[in-house]
Structure formats: structure tokens, C-alpha cells
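Before any questions on how it binds or moves, here is one chain, the form predicted alone, in C-alpha cells.
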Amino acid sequence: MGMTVPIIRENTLELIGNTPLVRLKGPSEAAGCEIFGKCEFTNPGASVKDRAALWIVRDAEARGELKPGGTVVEGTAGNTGIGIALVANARGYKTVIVMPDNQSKEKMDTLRALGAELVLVPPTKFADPNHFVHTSRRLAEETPGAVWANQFDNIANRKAHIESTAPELWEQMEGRIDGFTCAAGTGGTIAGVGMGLKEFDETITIAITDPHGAALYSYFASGELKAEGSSVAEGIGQGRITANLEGAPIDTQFRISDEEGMEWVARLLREEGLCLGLSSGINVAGAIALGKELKASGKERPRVATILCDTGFRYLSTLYNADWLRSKDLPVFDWLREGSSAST
């Protein structure tokens, strides 16, 4: 039962979503079950965030807040900004993006290349009024004809996954899906896919996979928002319950280290020819953990899906750079060691 895909899309925004699903060989063997990755890097903006961007813009239009010639302002680690810039270009709007200045150079260069106005701010805690989210809200208030995308607390984000990602997964897996997991940044993907899948089958296990330095693992494990350690993964990790996360049907939780995530980034590239970002590696490690847990509970060859969030080409100066990895005390991929500069 394949999805019927029209040969010609009527406009470029129809290129968002309907992403392929792939069986991941190494992870499936490691978990002793079936692990599938949703290839969100095939979206026009090369990440899962294109979906949220499209739904947020459409929602602002439907509410009459975004009018022709208007501006979309957003605070983002980069990928949502890239999605918004592309959607805004296609719909005739301007884009202003506020971003912490510690994100990858590729994301900054991409946003500038797409014609977005880029405002860089120092990374800081959410409680600080100069945090990128608060800065973007103020800029939206000060800019005539502007809307604030507000991806963290605008549930049009979550709706994108309830209405598109979840039904796609259900159809692609022919209704045979035992578990789904991914990390949370805004929480839109995990909450939306979880809600959407539970509408099809309540018995599907929804797990959150948290990086170190985020507080959701402890929240779902013990009810307390408490962070431990840190992560270099961009765009994931959250210290509060956003509006998108409210009421998310989370059944279980895993905490995955950068090292474990990187092990899967390396293996998927070396063994399967997939070049991904670190959040995808963390998601895959979480999917393996969930698969093993479902297997231990007596489920025979469970089928688990996760999100391959974005392309590794967005992290050439960080995750795929030997000097940067050393500077973060992270293991350097063996193939980067030869010929890389000898600095340690």
C-alpha cells in the first residue's frame, strides 16, 4: 500500500513533507528489531523544521495577522529560520531571524544566502530578557506588519506533525508501528507525532529521547525539571514545558550522550551512506533503546520509527571538523584524523 505521489507538485510549498522512510540496517541489527528513519533532510530546507515553518505561516495568514508584504520574525537555532525564510520567500514575505551566535556557521551563511535578515545574540538562559526567543518577540512587536512565529509556544508547530508527519508514518508503516521516539527542541515533533499516532493506535509507545543538559528526561521520569551535563547538539534540549509539549503523550524516556549519538552518526555515514546531524544520531540511539525495551517486554521484533532531522552538510565546520571536535573534548571520527591538523 504505497502512498500515491503526484508526479508534478502544483507549487514549491507542496515539496514540504511526504518524506521517505528508510529501514536502518545497523541500528536494526543493534536493537534486534526493526528501526526506521523518517528522512526529514529531504525537505526543501533540508530539515524537519520546514513542516513547522509552513504550518506557522499558514496559521498566521488564516488568522489575518500576516498580510501581503509582511514580515515573519523568529528566534531559532537555525533550522526553523531556514524553513521560515523559504516559506516566506514563496509567499512574498520578509524574514528576520534571531539566533544564538554559537550555532554552526553553515546555518548563519545559509540564512543570509536565503535573504533573511540575521540578528545574532549571545547564548543565554531563557530567564534572561536577552535570550534569542525574547529578543525575537520584541523585534516582532517593534516591526510594522510583522508576526512573531513563536515556534516554542505556537501550537501550529505541533499541528504540522499531527496533520502530516504522523499520518505519513502510519501509512508508510502500514499501520504496524510499536514505538516512536525523538528528541525535543520546541517539543512540536515529539508531541505532534505522538498525538497523531495515538489517534490511530493508543498502544503505540511514545518515548522522549533527551540529550544531556536538557531537563525533560528527569521531568518525565520523576516530575522534576532538572538538567545534568551538557550537549553540543543544536536545536534540541529543553528546560521547560513549552505549549507544544503540554499534554504530550509521553510513555517513557531515555537520556543519550553526545558520544553515543556520534557513534551512530559515524556508523550511519560509514556503513549506510547517510550524512546526518548529531540530533539524528541521538534520535537513532534513542530508537535502539526503545526497541530493546519493547523487545524485553515481550514484543516480538518491534517496529520503531524516529526522525532523521537534518543533513550533516549543515555541520561541516563543527561535527565534521576534527579541530572543533577536539576543542569540545569529543571523539574525532577516524576518517577525519588523517590529514587533519595535528593540534590537540
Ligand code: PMP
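Only a predicted model underlies this, so the values are computations on that prediction, with no experimental measurement involved. Counting begins at 1, following the sequence as shown.
Below, we turn to the form predicted together with this ligand, even though it does not appear here.
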Touches this ligand in the model of the complex: Glu40 (any heavy atom, 4.5 Å): no
is_contact(Ala116, this ligand) in the model of the complex, heavy atom dist at most 4.5 Å: no
Partner proximity in the model of the complex: Asp50 to this ligand, non-hydrogen atom cutoff 4.5 Å: no
This ligand contact in the model of the complex: Thr209, any heavy atom under 4.5 Å: no
Interface segment, criterion being heavy atoms within 4.5 Å of this ligand in the model of the complex, picked from 138-146, 253-261, 181-189, 197-205: 181-189
Three-residue site Gly235, Cys309 and Tyr315 fully in contact with this ligand in the model of the complex at 4.5 Å by heavy atom: yes
Members of 273-292 lying within 4.5 angstroms of this ligand, judged by heavy atom, in the model of the complex: Ser279
